[in-house]
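This document contains two forms of one protein chain, each encoded as structure tokens and listed individually as structure 1 and structure 2.
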Structure 1
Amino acid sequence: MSDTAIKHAPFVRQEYTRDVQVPASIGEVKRALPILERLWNMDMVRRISILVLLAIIWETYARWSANPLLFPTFTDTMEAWWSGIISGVIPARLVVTLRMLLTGYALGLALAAVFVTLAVSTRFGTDLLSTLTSMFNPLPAIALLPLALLWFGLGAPSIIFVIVNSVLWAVALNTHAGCTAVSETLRMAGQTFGLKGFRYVTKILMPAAFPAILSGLKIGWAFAWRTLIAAELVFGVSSGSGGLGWYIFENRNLLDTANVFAGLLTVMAVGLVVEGVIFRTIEIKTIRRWGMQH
């Protein structure tokens, strides 16, 4: 046995054993990093410094070009924003926009739930959903606006119709894909515990498909938000109820460019808060914690 072992080894090397050092004698095992390095390691700090840098570049360029009609300075924009908030104009516009958005989003989700339920339970439903999503998903929802105006007239119903369209297909597609991708073992495990019907869907299927559902919600939100602002811009003028898009449009007509910038900043800020704070918190509390992030 040992003969063959030697034959198989290309050459014989010296064996050795070593004593390992006790951790205390290695010296530095754990040490706090300098305060600056720790600060720099925080995402927030790094991102804020980038924002500050951008603001400085903006201010410098605007002052250098000295054309407030085309490109107001950062400080002017901030001033306009602040006064817009103080006077209550921006908050009022924001409320109008958000109310419309939430109505459309909720309606879209409800319809998506109906479609997914159909698709999960019957084969006809599956075919229906996949046909409809493959038709409507590639279509930018805003393209339906002219038709919506024709059907529902100028006003909130048209915008809500468009938002529903932008949310529904993305969410339904993702949720359905998530449900079909739930592992067979997990489904069987749930069933051996005696779960059936509604309890099975809510306690096994939904949580197991949650990563896909959440990404559907995120995509749906992003579509809805962009579509809404665009729709408001298109016929904001003729609509009595003004949202943020209308605010931007109105101020452009008044050639009040600082206010246009303030409106754009508000749109960005809302997007950031929803995507970076709300959805991120949900994500950290759920799928990250469960190790289910794909």
Structure 2
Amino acid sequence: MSDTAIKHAPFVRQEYTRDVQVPASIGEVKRALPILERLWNMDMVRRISILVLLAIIWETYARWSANPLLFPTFTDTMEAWWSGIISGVIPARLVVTLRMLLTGYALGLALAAVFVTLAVSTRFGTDLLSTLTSMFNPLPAIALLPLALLWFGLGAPSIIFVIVNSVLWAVALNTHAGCTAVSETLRMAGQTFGLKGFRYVTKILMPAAFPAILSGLKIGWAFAWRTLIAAELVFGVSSGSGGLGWYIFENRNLLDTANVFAGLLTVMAVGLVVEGVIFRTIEIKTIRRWGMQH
């Protein structure tokens, strides 16, 4: 055989075999975590630990300052809070506040859905939503209190009007941003199946944009909650209507600082329940289950 043929001949790898060594024992494949590590991996335990730490800092600083008129201790606040619950004052004020909150929040979500549907369906709707959000979203909702007084007078309708304004633009802006971020593949898939208008929004855009929608719902809830408490401080003084905001203002006039802190503690407790239970359950059942969030 010539040198050229040898040079271009395919390389033949030498065959060999190896004996597989089976270990006598594989070892510990799965090991149970220590009880403290398992507890610390639970979100609820970590959150409760943070709350306990804050309570300890609160109690320590209040005892060090020794001025209950300005800063009551955590134990005094809890006693006032429990006394308000047992007497039924705080639950009654909370019911009044939540009733107005849910009404305004629901109306704000309904209007946001209308604006977003128009925006994703027509060019005019997009321009309309962009213009209105640029005008009203930077405007603090509390600044509409004088206008609400002129239009609706004293009472719940004025507060609900302010809540709607605080919810509407935040939810609409986040929802529209999520819808515009949906990939063209999903959009064309919906158009291929003949989906248009409302069905196109509910079947394609809303599920794909749900992470942004959920963020908008959280922001809208936070805006509505703090706007409501601030509005009740003003409207409660004007009309005597009783909610948590009026409860806080009333006790401030009486220099009962412990009850003022108890009212604030109720506001924060409602926020923790809504964020940690309601919205978190929705998040687990939807976007985490779909693999859209880790």
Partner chain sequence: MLAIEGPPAGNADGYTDTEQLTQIMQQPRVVTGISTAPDAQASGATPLVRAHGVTLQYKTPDHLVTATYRVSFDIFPGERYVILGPSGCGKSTILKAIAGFLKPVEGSFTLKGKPVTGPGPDRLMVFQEFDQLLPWKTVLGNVMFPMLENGVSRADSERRAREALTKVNLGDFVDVYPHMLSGGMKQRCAIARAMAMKPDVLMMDEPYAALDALTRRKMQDELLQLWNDIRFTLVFVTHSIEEAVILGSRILVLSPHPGQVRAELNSPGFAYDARSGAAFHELVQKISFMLFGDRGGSH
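Because the structure is a prediction, the values reported are computed rather than measured. Note that the rigid core is defined as the largest set of C-alphas that superpose within 1.5 Å between two forms. Counting starts at 1 and follows the sequence of structure 1.
Enquirer: Just checking, which of these two is the form predicted on its own?
Expert: The chain shown second - structure 2 - is the form that fits the description.
Enquirer: Tell me, please, whether between structure 1 and structure 2 the C-alpha of Thr131 is shifted by 2 Å or more, with the rigid core used for superposition.
Expert: Superposed on the core, Thr131 moves its C-alpha less than 2 Å between structure 1 and structure 2.
Enquirer: Hey, does Gly190 budge by 2 Å or more at the Cα between structure 1 and structure 2 once the core is superposed?
Expert: Yes, its C-alpha moves 2 Å or more.
Enquirer: Indicate whether Ala269 shows a C-alpha shift of 2 Å or more between structure 1 and structure 2, with the rigid core used for the fit.
Expert: No; that C-alpha moves by less than 2 Å between structure 1 and structure 2.
Enquirer: After aligning on the rigid core, report the distance the C-alpha of Trp64 travels between structure 1 and structure 2, in angstrom.
Expert: A shift of 4.2 Å at the C-alpha.
Enquirer: If you line up the core, how far does the Cα of Lys203 move between structure 1 and structure 2, in Å?
Expert: A shift of 2.7 Å.
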